[in-house]
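As a starting point, one isolated chain is supplied in structure tokens, in the form predicted alone.
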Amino acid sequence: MVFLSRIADLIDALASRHRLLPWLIAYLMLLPLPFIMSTFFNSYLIDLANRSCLFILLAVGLNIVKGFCGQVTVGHIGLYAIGAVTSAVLSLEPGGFGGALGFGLPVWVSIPIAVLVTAFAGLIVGLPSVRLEGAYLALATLGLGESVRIFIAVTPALGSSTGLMMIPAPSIGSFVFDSFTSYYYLVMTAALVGIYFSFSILRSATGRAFQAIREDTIAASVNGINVIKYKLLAFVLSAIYAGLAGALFAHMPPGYLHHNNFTVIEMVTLLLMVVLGGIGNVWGGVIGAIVVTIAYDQTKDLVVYFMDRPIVIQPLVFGLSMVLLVLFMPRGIGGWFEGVLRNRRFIKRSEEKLGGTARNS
């Protein structure tokens, strides 16, 4: 704990010089990670790091609407699917494999359009939040998210049962992001920028309005906050994160999408990331995304045999984990760490005050 506290103090000291300085140092420290992994371990871990970065974007985006604004949504994976499929379809060549739709647009044009389309979809998803709360809003968003997956599954132009194949990779000039290592720099940069803007939103007037709505909608309205506007804005901002993550996922090697990438299990996994890290805690969402991505990968082949038949128990493990986390660590890892730091700073200030009083006497 002392070590982590000193790191937090160092980050504060660097931020006092310039607010971008800690982020620049973090970026430089993350640059050699693929070479370290490939040298000492194997290249598969680079792919795992890439997926972690995408889930960081998703978790941080979900935290805006769920953690900052307090809206119960379980359809975030549907927005992720919209961003992925839109960018894939826009960049695929016309008359592609299996009759899939294609427009042949450059990847760097497809990704922004996909983000805008997802932002509009986020606005549609947010409309029920104007009149619905709690479990009713959760059911509405869950239905919408699952409807998106089913629509993709039954539409041949969107890949249907075979999926979308040969999705082109982004490129800059002659350099193509078609390997795990090269793609890491793309998704890592996006994740770091997404975290930075999430902190910026939280510390702005918009972030304070979100938190006021989360604590008490009626009190926020009485104090002049346009509740409907900020609820919809939270969904749109969250959708922008999901759309960007989905678009980057679509173009990530090997350039293949399937509707099974967007099931309810993925949504539960995403919720677990946010709950484990700490609802409303930005760094908690990052920690949760990394931990759960690794755990999800390591438990995907977890099987027990009943009457000589294999039963995959990963969903049960993740479901029980969420229940236990809510019971025994309701504020998550980020909330727990925040509490420890707050207590240490309080003790330090009290000791300094008592020391000053003793010297004066």
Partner chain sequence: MGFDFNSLLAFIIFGVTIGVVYGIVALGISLIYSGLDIVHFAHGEMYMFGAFFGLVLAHNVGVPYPVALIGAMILTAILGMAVERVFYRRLTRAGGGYTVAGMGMIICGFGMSVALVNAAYFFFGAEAEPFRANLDYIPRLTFPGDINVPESYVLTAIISVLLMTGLHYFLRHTKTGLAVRAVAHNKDIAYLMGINVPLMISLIFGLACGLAAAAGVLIGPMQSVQVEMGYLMLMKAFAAAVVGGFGSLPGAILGGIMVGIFENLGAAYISASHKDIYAFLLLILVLMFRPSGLFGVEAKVKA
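Note that the coordinates shown come from a computational prediction; the quantities given were computed from them, not determined experimentally. Positions refer to the first chain, counted from 1.
The same protein also has a form predicted together with its partner chain, omitted here; what follows describes it.
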Exercise: S161 in contact with its partner chain in the predicted bound form, heavy atom 4.5 Å | no
Q.
Residue-level question: is L320 within 4.5 Å of its partner chain in the predicted bound form, judged on heavy atoms?
A. yes
At the 4.5 Å heavy atom threshold, is R131 in contact with its partner chain in the predicted bound form? yes
task: Answer yes if any heavy atom of F35 is within 4.5 Å of a heavy atom of its partner chain in the predicted bound form; otherwise answer no.
output: no
At 4.5 Å by heavy atoms, is each residue in I150, V154 and L327 next to its partner chain in the predicted bound form? yes
Which of 84-92, 70-78, 252-260, 186-194 lies within 4.5 Å of its partner chain in the predicted bound form, heavy atoms considered? The stretch 70-78
Residue within 4.5 Å of its partner chain in the predicted bound form by heavy atom, from V291, I228, L142, V176, is L142
Checking A121, I287, L271, I240 against its partner chain in the predicted bound form, the residue with a non-hydrogen atom inside 4.5 angstroms turns out to be L271
Residues in 263-285 that come within 4.5 Å of its partner chain in the predicted bound form by at least one heavy atom, in order, are V264, I265, M267, V268, L271, V275, I279
